[in-house]
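Have a look below at one chain only, the form predicted on its own, in structure tokens format.
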């Protein structure tokens, strides 16, 4: 595996690969890699000839008083995992390389309609930071395919939308959420949990499964179901931001006639903010 730190070096690598007729797969990350990230690399390896992973802790997607300063930087360990996973190129740029004119740049990509709700309501600048850095990375790497985990369902929807509307010639591949044996969605932020919090955290996924079962059994008062689920999490020691039932295709509020649904939750446990979702289709 090669490791590069400049935009020019990535472009030279990609140009050489494409001149050989190779299909380029791309997995953008913020590092502190876990089994979910490595699963993305593995999926990319099955569909592309060359796989590039980026590691960049993007400052513009962190709000005030969020964990940008304390977010784990584990480049050496990450590099070893990527090497073992047969990744072909690691792109690990500095903040100066990615934002050469500083963070107060004039060009910002925003995806209206998808970005303001759910996590965007509680992290109002987050998705503009995500959309902007992903657009920059797409332009730098120019992959044929890009792979994203479905755990960040809203993020995936934002990226699909900007890819289509900005006419990036890139196939966006969503990859199923990877989970621990007890159901907790794998996340770099799980490392913030204390032992007691880690034991309690799977209740989020259990609650989503119970909500899914209730809907499959014919309950269609989504407001009542979500309110009850919020109360359950609060009584269990969580501080939920939201629980929502949305149409999976566009993240609009679901109604009783919709059949392609996604349940989404964000909740704090101690100082750690956890997100998860379950997407499913109702029969008939």
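What you see is a predicted model; the values in this text were computed from it and never measured. Positions refer to the first chain, counted from 1.
If you look for the form predicted in complex with a small molecule, you will not find it shown, but the lines that follow are about it.
Residues placing heavy atoms within 4.5 Å of the small molecule in the model of the complex fall in a single listed stretch, namely 125-133, out of 125-133, 195-203, 176-184, 208-216. The closest non-hydrogen atom of residue 152 lies within 4.5 Å of the small molecule in the model of the complex. Residue contact check for residue 28: one or more of its heavy atoms lie within 4.5 Å of the small molecule in the model of the complex. In the model of the complex, the small molecule sits within 4.5 Å of a heavy atom of residue 58.
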